[in-house]
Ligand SMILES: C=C(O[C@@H]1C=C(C(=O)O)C=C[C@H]1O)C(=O)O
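What follows is one chain in structure tokens, specifically the form predicted on its own.
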């Protein structure tokens, strides 16, 4: 019987599994984060990348691997609020239906600034700005949208524009960093608490991550072609991530738990 991994097919997770081979013993099941979260709880996947907010809210049923994350320190470029009015004048925002963590992070950041905003869950892109002040986009859709706004590839990250035409872009990870000076953890690999991860699978995951990070140009080229964005932009995007859940990332995860009123279990598999 195959062991099933839940995988979001997003460019930002590709270094983790680009070189991981499916086999009779190890199968992938792709979905957006909200789907993967549910599949893990109901048992149709065995080990999955899950949203950090979902993990924290279900920590009595889930336990993460000790050294895997999808995290970032500063701008992440793909968890963005695109808006047509300044941040402090936002009244109505359309939310992605793909992720619980980014939605909760946006709500926290707005409330921390004393803003009261009306939220609506609705799939779509920038066309939603015709009816809303802002739209939250994540993952591939966000990076494609942002790349499409850029008039040219900047030579330096310090030249990246955060306003193009009438559209302002607020990077939620950067806003989190400005508030906490900590990384933001978007996802962790987790299993159900009563089903320890097989060590052989974890070894394969670590080997695939090592190869993915060591061959980032290859990974970024494949993802750039898939999404139709410039390869240099994709490579910079990918090397910006933190995939190891190191001490600063755990502090960031703990700070997020406290920010949204959840317990931080500090409980990881010893594998």
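Here the structure is a predicted model, which is why all the values come from computation and not from measurement. Positions refer to the first chain, counted from 1.
There is another form of the same protein, the form predicted in complex with the named molecule; it is not shown, and what comes next is about it.
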Triple contact flag 49, 76 and 237 to the named molecule in the predicted bound form, non-hydrogen atom at 4.5 angstroms: yes
The named molecule contact in the predicted bound form: residue 45, any heavy atom under 4.5 Å: no
Exercise: residue 93 in contact with the named molecule in the predicted bound form, heavy atom 4.5 Å: no
Exercise: residue 56 in contact with the named molecule in the predicted bound form, heavy atom 4.5 Å: no
Residue 109, heavy atom within 4.5 angstroms of the named molecule in the predicted bound form: no
Among 93 to 101, 125 to 133, 192 to 200, 145 to 153, the region lying within 4.5 Å of the named molecule in the predicted bound form by heavy atom distance: 93 to 101
Sequence-ordered list of residues in 9 to 32 near the named molecule in the predicted bound form, where near means a heavy atom within 4.5 Å: 10, 12
